[in-house]
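A single chain comes next, written as structure tokens; it is the form predicted alone.
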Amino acid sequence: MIPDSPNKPAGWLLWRTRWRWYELAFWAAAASSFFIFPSKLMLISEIFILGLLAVSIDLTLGFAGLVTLGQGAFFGVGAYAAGLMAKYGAGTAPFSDPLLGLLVAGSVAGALGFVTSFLVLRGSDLTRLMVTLGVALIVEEIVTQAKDITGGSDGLQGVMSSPVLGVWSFDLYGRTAFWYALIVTFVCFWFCRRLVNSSFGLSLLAIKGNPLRARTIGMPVNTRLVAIYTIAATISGISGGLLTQTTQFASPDMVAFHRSADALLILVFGGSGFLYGGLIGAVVFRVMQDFIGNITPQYWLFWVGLVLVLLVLFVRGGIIGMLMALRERFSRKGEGS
């Protein structure tokens, strides 16, 4: 039973945070893919990372209504921060620890997100798009021109990640990378899930629905938007650090505009406002990219665009929205019978 009594908001919030069986099944399927697809572990690790990046966009777009095209900038900053930690801290405890590298990656990206959030809050959705795009282009140019630090267009060379907790080394088959990416993704997702199902998350939905009304009832709108934008930037930086540590390479491609566009496309595939939309969209997008790329590599963007157009025309809310609509339809038929 849903505790829908208005006199028991705490019980209702507690109900929202409970894990459903299909959520547990999703993560169990993610873990079991290690045994089902042992030759695709690096690909699956990349899916986890892309899904985490899409989840960070969902925090701003799906729950706060902040449209952004600059999430790839935070992803790239985190990637290079973790790469520099791995390169120059190799063999020097505790600076060589990958977990510390992720902490630094998230902190640097979060700091950049906090500084730029005040620019993002100025203006309408179109202005925000241009501002976030401008920030991403500036970061990409800095990465390309700072050759002495980042390696320029050649990328950051000599990135050697130390064993996780000094025990599990990254291998060529991607076994450690798989579990490392899965666990970090799950922990970050768990945090995001608790966040959006809290009173803070509900206030974000109120701001997204009607910011003027939220201000009228005394809600600190700008403070909440700055907070969620900074948190989303931190999550993006962690996902970028994950990619660098698991692939042991960082390049300007990680901060390029298409990184933000792909993540936004992934979220559209899965469905925004659900959190799981980013993860499911990453599976569909990356598998489709790999499958179609092997058949017709020169036309794979055409098929991705076609699927996107069909989703927008005939499906509301992405894949998750379609599944929810089907469940509602079948439940109505069951009640009618």
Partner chain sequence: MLTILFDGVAYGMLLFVLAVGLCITLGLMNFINLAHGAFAMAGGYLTVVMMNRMGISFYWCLPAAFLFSAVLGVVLERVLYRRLYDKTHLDQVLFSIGLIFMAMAAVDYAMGASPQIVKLPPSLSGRVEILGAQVGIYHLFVIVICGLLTIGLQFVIAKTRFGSRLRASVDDGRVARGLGVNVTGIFALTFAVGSGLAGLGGALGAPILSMDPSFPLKYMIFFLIVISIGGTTTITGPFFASILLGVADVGGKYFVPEIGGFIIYTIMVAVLIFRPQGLFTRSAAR
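Numbering follows the first chain given and starts at 1. This one's a predicted model, so the numbers in the text were calculated from it and none came from an experiment.
Another form, the form predicted in complex with the partner chain, is not on view; read the next lines as being about it.
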Original post:
Any chance V135 has a heavy atom within 4.5 Å of the partner chain in the predicted bound form?
Top reply: yes
**OP:** State yes or no: in the predicted bound form, is some non-hydrogen atom of L326 no more than 4.5 angstroms from a non-hydrogen atom of the partner chain?
**Re:** no
**OP:** State yes or no: in the predicted bound form, is some non-hydrogen atom of D148 no more than 4.5 angstroms from a non-hydrogen atom of the partner chain?
**Re:** no
**OP:** Indicate whether V67 is a 4.5 Å heavy atom neighbour of the partner chain in the predicted bound form.
**Re:** yes
Original post:
Pick from V226, L103, L182, M130: which residue has any heavy atom within 4.5 angstroms of the partner chain in the predicted bound form?
Top reply: M130
Original post:
If you check A30, L275, L61, I280 against the partner chain in the predicted bound form, which one has a heavy atom within 4.5 Å?
Top reply: L61
Subject >> Within 4.5 Å of the partner chain in the predicted bound form, all of L119, R122 and F302 (non-hydrogen atom) >> reply: yes
Subject >> Contacts with the partner chain in the predicted bound form - residues in 303-331 whose heavy atoms fall within 4.5 Å >> reply: V304, G305, L306, L308, V309, V312, L313
